[in-house]
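Next up: a single chain in structure tokens, the form predicted on its own.
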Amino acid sequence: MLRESVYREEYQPGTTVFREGEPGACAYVIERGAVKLETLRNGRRIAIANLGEGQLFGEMALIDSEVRSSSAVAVEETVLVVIGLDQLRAKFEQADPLLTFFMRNILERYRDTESRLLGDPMKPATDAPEEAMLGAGLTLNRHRERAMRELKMEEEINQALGRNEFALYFQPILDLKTGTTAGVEALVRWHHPERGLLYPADFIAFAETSGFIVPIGFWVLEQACLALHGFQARLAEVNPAAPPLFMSFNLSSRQFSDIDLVRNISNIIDSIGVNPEQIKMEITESLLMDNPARAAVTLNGVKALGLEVAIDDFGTGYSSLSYLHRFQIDTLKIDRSFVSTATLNAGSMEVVRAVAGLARNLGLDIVAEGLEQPEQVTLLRDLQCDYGQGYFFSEPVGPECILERISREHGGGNVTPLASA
């Protein structure tokens, strides 16, 4: 039977916890008692430390996968909390690469200093074989390379914000009854000076963990509002009687938890002068359920500004639907994974049918994502889905293509799928 990742062990006075030179797969915290750390150098034992309750030891071998550089012996009756490598492995992998690099580098220097002070300066204190030393060096190099990549990415994103390297592309969202553009979704791209055009998958995850997603997100909203102002002006010019367009933008978890979110959104909308009722904020189900109380406060603030709220990728997250009546939601976006297979798979068909019925019963708008085939459009229209979005209508395009599309739709021209800008 596998032992738990965190458990306790008891030691009598004089009992060895671990020996110098052994592999280390766990660390220890002294819950009760005392432990002595000692090392053998040139045939004599040298005391390193006497540790008491609450102190940690054995962590170095756990961090860098080296053998134990000292022995640990219980001085009195001792109870230890044992922390296994399996408890920390995932955390090590998810930790900030720069902090990981610092930790490994500091630990390597400490081991080298300890070796030189306590033993032969030309010989590692652990008597590790050359292969082990090489492996440790490669591991440190891996952490160093990862940290340097992260530092470079931070610098590049910071420069991109200052040099206007980010750009917005827009994917039309069509009214499935009239076949005309009802709104657009703003999607960010990065015109990288060396790597070319980068898509969100290339940098958004890093921007989220590093915090850059907050300034990027507000830049996206600002530019989206400016673009909406221009799109609406063109629509009013060619067809003053047409319903107003809406602009969708995505909000990440880091942005959603920003304490200044509502105030910053309000400032952007007021400064540009767009109608907040034409702005649709897209969030995922997990943002609502991670902290429902806080989410409710944020959503209430957003709704008070007049914005609409859409649940993106609906059907792929939480199975509980209770949040649909707990929060002020306006739109459900059926995930593309269901839409793309609805005409081929009975299960996907039933999911789409159920979501469409649920939305209608709750008085919510429905947007079907990922429409690529005419049969899918026909199906979603038959299910009384309000809006459709996907490559069948258009790839994400530049603002000039949206302006052209508006002119064609309301000027009597035929609308055809647009090429990517």
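The numbering used is simple: start at 1 and walk along the sequence shown. Just so it is clear, the model here is predicted, and its values are computed rather than measured.
Although it is not shown, the form predicted in complex with a small molecule is what the next lines describe.
For the chain shown alone, Glu222 is not a contact residue for the small molecule in the model of the complex, no non-hydrogen atom being within 4.5 angstroms. Residue contact check for Glu369: one or more of its heavy atoms lie within 4.5 Å of the small molecule in the model of the complex.
Interface membership of Ile213, defined by any non-hydrogen atom within 4.5 Å of the small molecule in the model of the complex, is confirmed. The small molecule is not shown here, and in the model of the complex it never comes within 4.5 Å of any heavy atom of Gly306. Shown here without its partner, the chain carries Thr180, Ala236 and Lys280, none of which come within 4.5 Å of the small molecule in the model of the complex through any heavy atom. Between 227-235, 292-300, 70-78, 213-221, the stretch whose residues reach within 4.5 angstroms of the small molecule in the model of the complex through a non-hydrogen atom is 213-221. Out of the listed residues Glu150, Asp258, Glu156, Asp313, Asp313 is the one that sits within 4.5 Å of the small molecule in the model of the complex by at least one heavy atom. In summary, among the residues Leu245, Ile329, Ile83, Ala186, the only one with a non-hydrogen atom within 4.5 Å of the small molecule in the model of the complex is Ala186.
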